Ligand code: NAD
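Next comes just one chain, in structure tokens: the form predicted on its own.
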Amino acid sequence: MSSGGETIGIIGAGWVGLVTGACFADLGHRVIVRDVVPERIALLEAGKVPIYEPGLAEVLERNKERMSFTLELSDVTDQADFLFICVGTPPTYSGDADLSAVWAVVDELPLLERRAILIMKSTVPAGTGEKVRSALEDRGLGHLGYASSPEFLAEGRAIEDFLHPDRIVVGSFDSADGKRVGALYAGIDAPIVYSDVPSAEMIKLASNAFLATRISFINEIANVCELTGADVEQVAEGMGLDRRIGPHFLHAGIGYGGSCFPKDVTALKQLAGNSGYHFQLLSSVIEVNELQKRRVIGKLEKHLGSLAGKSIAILGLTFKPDTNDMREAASIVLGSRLLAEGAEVKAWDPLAERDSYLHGAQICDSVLEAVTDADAAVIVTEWKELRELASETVRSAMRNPLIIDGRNLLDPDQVCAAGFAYDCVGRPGHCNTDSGKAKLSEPQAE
């Protein structure tokens, strides 16, 4: 921890804001968090965490003496010399980033006489900083510093990502401001990349777009593997050992989702288009990802024929494990398509809220309840609870013991030996009966 830390203002008490504020407090800084939602601030003042993120509650608890929460922006601007903007920038219908929350903060800033530094933690298009600086000058706040320090946090491991990052990015118009912002991260062992503001903004978008590209690429390879008899798991292992490629984000499945990749890939594509450049590669990345989510329907039809009247269990609703985030989750597309085909959909997830986004589906309290009398079970999120799915209890409960493994979570040999029909993504070893359907009376062996 650093000693004699700074006073930091966090504007926005969402996922990024709370993780950022809690971790800065853990580094020894005093942190004031402001949000416009009274219920959220009331929960935080009562010592409760309004979002789910592993480890966040513990970090907030041990730093409660360093942290305060408020609805008033003046409480932040009167005391803090570093003002982090951590508000949402969701996509608009056009695909552009919605910066209305960012501009609301800029417009609400009081006429500070001292020099504070405004730091953009929210993900924004390259060029936003220039526009903010111009707006500040028009309001008589040209003396404020401005920096871009984008977040690189993964849901489910955000605390670890903040305190042990691969790198810290700080872009600024004034190098002295950049160094002051970089000093806030003292105590973290990671390289700091100092840059201009547009480059820092682009680093964030380019990083997420590249990772999304890797995911779509390996999913395309998986689809070809299914046609040629190759095993995408072995292909990915062989690719990943090449130091020029590396092993990360080469896990085939049913597509990426969440609050970052879909939004940022679309935003970068739209930014390029608005600037007069057609980003053809990202157009393909987006198309591949959308089609990948729908390939599960084809797999189900291959095994079951028409899906009308069939009971399908969707296992996992959130876009990834260890989060309750349903944004851009594959389960939404899959469930909606199944319902449109006339299937009965039962779903289970340990964290997703019961009303979720999957309207028309029956939300179950347990995996067993979801699979009872089901014609197929589809693994959509790789929750650890699903690693033992291929059990005699589940097999006996299902009307038709078929597992579609959308995340390649299970071992094909073990699943088939347990008497299930099995299909996955880009791997051989599928097992089935001659009729194309598993039968309870005839356990399958590969």
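Note that this is a predicted model, so its numbers are computed, not measured. Each residue number is its position in the shown sequence, starting from 1.
Quick note: we don't show the form predicted together with the named molecule, though the next part is all about it.
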Can we say Leu291, Arg295 and Arg427 each have a non-hydrogen atom within 4.5 Å of the named molecule in the predicted complex? no
Considering non-hydrogen atoms and a 4.5 Å limit, does the named molecule approach Val333 in the predicted complex? no
Interface membership of Arg40, the named molecule in the predicted complex, 4.5 Å heavy atom rule: yes
Within a 4.5 Å heavy atom cut-off, is Ala147 in contact with the named molecule in the predicted complex? no
The named molecule contact at Ala25 in the predicted complex, heavy atom, 4.5 Å: no
Among Leu268, Leu358, Leu153, Val170, just one has a heavy atom within 4.5 Å of the named molecule in the predicted complex, namely Leu153
Single option in Ser311, Thr77, Thr128, Thr123 placed near the named molecule in the predicted complex, where near means a heavy atom within 4.5 Å: Thr123
Quick one: find which of 177-185, 363-371, 223-231, 99-107 has residues within 4.5 Å of the named molecule in the predicted complex by heavy atom distance. 99-107
Mind listing which residues of 9-41 have a heavy atom within 4.5 Å of the named molecule in the predicted complex? Ile11, Gly12, Ala13, Gly14, Trp15, Val16, Gly17, Arg34, Asp35, Val36, Val37, Arg40
